[in-house]
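Just the one chain here, the form predicted on its own, laid out as structure tokens.
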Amino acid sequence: MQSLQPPEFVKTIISRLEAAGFEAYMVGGCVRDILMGRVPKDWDVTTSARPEEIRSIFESTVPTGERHGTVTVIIDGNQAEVTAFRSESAYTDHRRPDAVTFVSDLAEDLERRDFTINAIAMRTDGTLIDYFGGKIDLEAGIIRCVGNAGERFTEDALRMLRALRFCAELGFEIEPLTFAALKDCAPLSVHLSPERVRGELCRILLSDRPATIEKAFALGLMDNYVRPGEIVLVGLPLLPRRLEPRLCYLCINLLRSGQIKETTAFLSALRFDKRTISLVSKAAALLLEGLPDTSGAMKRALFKSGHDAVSLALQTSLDCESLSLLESVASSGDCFTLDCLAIKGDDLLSLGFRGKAVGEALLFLLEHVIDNPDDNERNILLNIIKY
């Protein structure tokens, strides 16, 4: 495995902590990425200094999670999370520790972490402190819990989804005893907040191996949101690496398998934002109805669902002919919305239309114009509606 050098600001943070008499190491995901030859997105440092001591050493800090020992240190616009060595008490809610105790022993700090590949510390000279065989597991492509896997998953049930996410992102396999514990502990996923589940779900869907999400459903990790069962998502890796088409593909398959009744309720339960819920729900409904295959059908779909939803449905289906049809209709200049209709409500009011009759008449004329685009002229439409 190729080893990359940490940036200067990280070296500065560690050297200043050491100069003040404290131990300090890079730790967690950034070490894992360095060992894999990947450039880390985030930098984490673990230290024997307490939060108040960290703040006293650096001019610019943010108390990101000081109660849990974490202070964000900022140097020249770059930042790293610096966390005091700590141990954790019981996890009553299977989500977070009831209490955190600051300790002076690096081994005790590393022992509380989830997987061996995330429990490696590194000095700035590249020396590793690896008490749990994380480097060996990294080289073998294995996800293994630190210590007793059942205890790790019982402490924080999100670790089960994180294990699958690392499989999806890194192409690793879950070690057999860890996988067995995951299966046994799967019912604990009921304790997870929708936001945390959504976060892991999205990261899996956006990975190189998005179909890994099949295992989350098969293991029962999503039973809080769907009817139990397995799902097959063979086409998922073929879609562009964007959340909306991959999420839409997942939803349409859950609908077809009967594991969810409607897309809106499923996505709302996972606390997706309103735009994503609306867009994916409309696209999934269109896919269930069948894709438009004529100019008129495409115009009606655009009127009913909007361009973004129709485009998403077609991207999800990977139907190149329908995408070409959409482009042709969208660029034709033909009318397929009430806004572009040559006659307005005021015109109908002047003819004596009132109440709901105005809207019904406009929809009637729009239907006519969709099939007869050349008739979208005010005088022609007025004559049609008069007679």
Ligand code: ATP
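Because the structure is predicted, anything quoted here is derived from the model rather than measured. Numbers for residues come from their place in the sequence shown, where the first is 1.
Not pictured, yet referred to below: the form predicted in complex with the named molecule.
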ask   = Heavy atoms within 4.5 Å of the named molecule in the predicted bound form: which of the stretches 127-135, 243-251, 290-298, 159-167 has them?
value = 159-167
request  = Tell me, yes or no, whether Asp347 is in contact with the named molecule in the predicted bound form, where a contact means a heavy atom of each within 4.5 Å.
outcome  = no
query = Would Gly28 show up as a contact with the named molecule in the predicted bound form if we use heavy atoms at 4.5 Å?
reply = yes
Contact label in the predicted bound form: Arg113 to the named molecule, heavy atom within 4.5 Å = yes
ask   = Does Lys356 reach the named molecule in the predicted bound form if we count a contact as any heavy atom within 4.5 Å?
value = no
message = If the cut-off is 4.5 angstroms on heavy atoms, which of these, Ser207, Ser189, Asn118, Ser317, is the one near the named molecule in the predicted bound form?
response = Asn118
query = Of the options Glu360, Asp42, Glu52, Glu327, which one has a non-hydrogen atom that comes within 4.5 Å of the named molecule in the predicted bound form?
reply = Asp42
